[in-house]
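Below sits a lone chain in structure tokens, taken as the form predicted alone.
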Amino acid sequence: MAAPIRILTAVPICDGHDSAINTINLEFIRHGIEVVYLGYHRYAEDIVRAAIQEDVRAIGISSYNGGHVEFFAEVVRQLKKRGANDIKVFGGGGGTITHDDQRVMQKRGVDKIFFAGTSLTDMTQWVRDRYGKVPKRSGGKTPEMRLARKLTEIEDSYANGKRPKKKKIENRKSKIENTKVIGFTGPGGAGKTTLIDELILRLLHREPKARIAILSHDPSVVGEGALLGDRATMINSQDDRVFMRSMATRGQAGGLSPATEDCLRLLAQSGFDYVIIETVGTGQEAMPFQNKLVDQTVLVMNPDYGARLQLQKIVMLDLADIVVVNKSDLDRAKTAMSEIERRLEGSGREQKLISTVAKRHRDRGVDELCDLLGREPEKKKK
């Protein structure tokens, strides 16, 4: 796939109206745009941090609750303050933003306001025309921005079927031995993102100086764009010690991007203590971490996986270091735990089986998972 336009969309704080932005997001991805969706009830600081980490070309804000003049202007102000004023801002708000408001907002640096009645086709075409050309950018004024733009360079180096020359590395661990790399995989809807967010909350509390990076993958629509929506449920990860990058598969099967390994190497060399890789929701055949990309693999499952026969066909049950049955407050959870335990007995490997309810406050299962995944400093020093 060619290097697509990347934009971020969000809904401001105190605004829970997401029907319009979801419709617009879908139209954008159908026309080859990668959309990082941040969700609703978001502070200006959250939006700006995410836009910088994701290295998007523009931010689209949907505002229906008023306060738009001040909110849009605050986003523009914070972008300039962080040296990211090459990231543009546009948006709309149905009938809540007046033409007088628009004139004030544009004077304060907003690119465009769409009004009620504007067609989705017109919006999409404007975004493609306005942000389609790759802008000339500096390397970035902050370490976070420089890292984000290097990640973009890596991703774009794989565009149009290119395969950049790789430096031969005999032992990956010799290059990133101080970074713990954890891979999360499992079917869509199992709760991987929520579980990762709760794990990060615990790691931040347990290791006050630790820095964590996340590479979160979502599928590309074949030949088109992608909806990168994992940030919408990442609440605890809005921390200055956490760097998150959303990646589209861009035509590659298996749950990861063609650029994942190179991006992982860059993050590890940038001094992160943990890198968490979340795959696309995978099926029975997926084995995303077979090249020893990670130190530990976590398979997250939903209790409602179907008949017991399905367990025999899930390859990752033989390969995962830890199997998590999330949403274990559901009725079938006990049966699922019993069936999966019997299935794991035949793998011939030492594996851990954990039951979690990631959405539950202070869930003991998530605490146990954190214990298993936390670093062991005494081993790292050897």
Partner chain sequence: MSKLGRVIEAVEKYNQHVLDEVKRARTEKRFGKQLLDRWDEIKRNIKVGRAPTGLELPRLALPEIDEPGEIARYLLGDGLPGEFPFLNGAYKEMYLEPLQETGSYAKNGHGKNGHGKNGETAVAKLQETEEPTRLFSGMGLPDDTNKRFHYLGAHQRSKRLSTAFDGPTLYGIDSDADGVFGKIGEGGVAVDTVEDMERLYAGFDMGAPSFSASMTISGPAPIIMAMYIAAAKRRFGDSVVPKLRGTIQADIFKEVQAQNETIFPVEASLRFLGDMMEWTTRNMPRWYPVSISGYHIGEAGSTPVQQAAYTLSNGFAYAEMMANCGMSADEFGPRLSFFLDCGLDVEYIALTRVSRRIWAIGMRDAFGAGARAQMFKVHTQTSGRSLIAAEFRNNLTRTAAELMLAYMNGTNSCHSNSADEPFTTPSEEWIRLSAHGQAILLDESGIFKHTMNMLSGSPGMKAVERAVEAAILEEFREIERLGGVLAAVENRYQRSQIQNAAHRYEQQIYDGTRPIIALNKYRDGAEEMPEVELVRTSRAKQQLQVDRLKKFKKKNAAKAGKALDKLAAVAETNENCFPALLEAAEVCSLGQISGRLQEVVGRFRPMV
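Positions refer to the first chain, counted from 1. All of these numbers come straight from a predicted model, not from anything done at the bench.
Missing here is the form predicted in complex with its partner chain; even so, the following discussion is about that form.
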Exercise for review: Indicate whether residue 361 is a 4.5 Å heavy atom neighbour of its partner chain in the predicted complex.
Suggested key: yes
**Study point:** Partner contact for residue 30 in the predicted complex: its partner chain, 4.5 angstroms, heavy atom
**Key:** yes
Check your understanding: Quick one: is residue 347 in contact with its partner chain in the predicted complex, heavy atoms, 4.5 Å cut-off?
Key -> no
Check your understanding: Is there a non-hydrogen atom of residue 101 within 4.5 angstroms of a non-hydrogen atom of its partner chain in the predicted complex?
Key -> yes
**Study point:** in the predicted complex, the residue from 139, 95, 208, 188 that sits within 4.5 Å of its partner chain by heavy atoms
**Key:** 95
Point to revise | Contact residue in the predicted complex, from 204, 73, 235, 293 (heavy atom within 4.5 Å of its partner chain) | key: 235
Check your understanding: Do all of 15, 18 and 120 end up near its partner chain in the predicted complex, with near meaning a heavy atom within 4.5 Å?
Key -> yes
Check your understanding: Of the listed stretches (254 to 262, 192 to 200, 151 to 159, 271 to 279), which one has a non-hydrogen atom within 4.5 Å of its partner chain in the predicted complex?
Key -> 192 to 200
**Study point:** in the predicted complex, residues of 247 to 279 near its partner chain [heavy atom within 4.5 Å]
**Key:** none
